[in-house]
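Starting off, we have a lone chain in the form predicted alone, written out as structure tokens.
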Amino acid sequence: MSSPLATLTARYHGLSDGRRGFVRGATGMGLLAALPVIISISVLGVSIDQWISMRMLVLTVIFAFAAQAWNVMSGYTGLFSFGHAVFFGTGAYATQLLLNDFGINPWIGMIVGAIIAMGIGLLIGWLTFRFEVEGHYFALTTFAFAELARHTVNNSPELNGPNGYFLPLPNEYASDYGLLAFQFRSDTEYYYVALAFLALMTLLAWQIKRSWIGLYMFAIREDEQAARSIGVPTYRYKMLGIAISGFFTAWAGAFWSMYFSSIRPGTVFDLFINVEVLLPAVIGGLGTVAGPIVGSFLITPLSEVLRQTIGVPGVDLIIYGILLVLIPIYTPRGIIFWPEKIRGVIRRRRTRGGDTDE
């Protein structure tokens, strides 16, 4: 006789459709790869790049990547984090410190920063789970860690305090601009590096969701006590979710530090980062693989288009804020489910029309 956990596992794998999901994901990534060309095409003298720049696309992709990493922890296991800036800033600072002070290649600095961020995540998990901090209190605890990191770095002369770090020229640690130096002369090259990060993170998130690891994580999200009662090692998989999320969010911070000319505690550990990391996943669809990407590609360009098209200062922010409130209210599962919702409305109207004819 099989155990409840084995039965649940078998049902989960029976529901997954790996091949169709992979084809959809590959098609989506192909479209994103073609996006720089698509936005530059002019039709009747009008092209999209008048409103959407390559710089905006770079930021959109990197926040989609960070949101995908956040989603593995908060969307899959239900551990809502409001403090991912601690991982983001750790990745940014580790990369710049090793680069500026020791001349270590930024790719190595990024890995080192990711390992440190993973360690911080495990520390947060160990402390919060040990004292059974859950729900809103867990979110506040993660926010407290991000604020603690910001103030610590801001008051540390060893880390240049509030001045932070300035990005050195690549010839100080490599031969020239390029992939090895992690510095490029155009935004298009940064875009494709960020897109490679996003493709890797999406593939990992997809594989986790399809595996027994995802099964256990979603079981924890739905009902942790019930999951524990059928044999799911909940502590282990919550720690795994935090570790994966912290590790890859630090990559986003490292990319940020190499894309911009300087980093400061007030930017990479800021409240703004906490919001920008989680918002695409919340708007797009918590716990879905495509949600963080779709969410980021909606809200980031939307903000910029509103800013450019509305001439009155501040009105664009009001409209943007109202939309961010209305979207979760009317579609709490995320905009990734809009097509399903529209099909449902059309089906109900057809059914009512059929009843009327009869």
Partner chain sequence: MIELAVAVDPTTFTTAPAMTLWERTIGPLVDLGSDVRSGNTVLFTLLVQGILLGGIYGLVALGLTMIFGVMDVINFAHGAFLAIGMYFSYVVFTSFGLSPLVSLPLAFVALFVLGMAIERATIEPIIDAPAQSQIIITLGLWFIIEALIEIAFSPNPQSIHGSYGSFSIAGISIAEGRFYSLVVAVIAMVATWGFLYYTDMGRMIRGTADNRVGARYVGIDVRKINYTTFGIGAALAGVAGAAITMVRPFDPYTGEIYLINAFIVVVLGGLGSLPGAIVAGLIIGMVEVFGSYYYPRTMYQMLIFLIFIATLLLKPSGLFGSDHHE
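Positions refer to the first chain, counted from 1. Here the structure is a predicted model, which is why all the values come from computation and not from measurement.
The same protein also exists as the form predicted together with its partner chain; that form is not shown, yet it is the one meant from here on.
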field: Contact flag, Glu222 vs its partner chain in the predicted complex, heavy atom cut 4.5 Å
entry: no
message: Residue-level contact is defined here as any heavy atom of the residue lying within 4.5 Å of its partner chain in the predicted complex; does Asn100 satisfy this criterion?
response: no
query: Is the gap between Pro313 and its partner chain in the predicted complex 4.5 Å or less for some heavy atom pair?
result: yes
message: So in the predicted complex, is its partner chain close enough to Glu147 to count as touching (4.5 Å, heavy atoms)?
response: yes
field: in the predicted complex, segment of 179 to 187, 246 to 254, 139 to 147, 86 to 94 with a heavy atom within 4.5 Å of its partner chain
entry: 139 to 147
- request: Work out which of Gln207, Ser262, Asn155, Asn105 lies within 4.5 Å of its partner chain in the predicted complex, going by heavy atoms.
  value: Asn155
field: Residue among Leu31, Val325, Val37, Val46 with a heavy atom within 4.5 Å of its partner chain in the predicted complex
entry: Val325
- request: Check each residue of 95 to 129 against its partner chain in the predicted complex and list those with a heavy atom within 4.5 Å, in sequence order.
  value: Leu127, Thr128
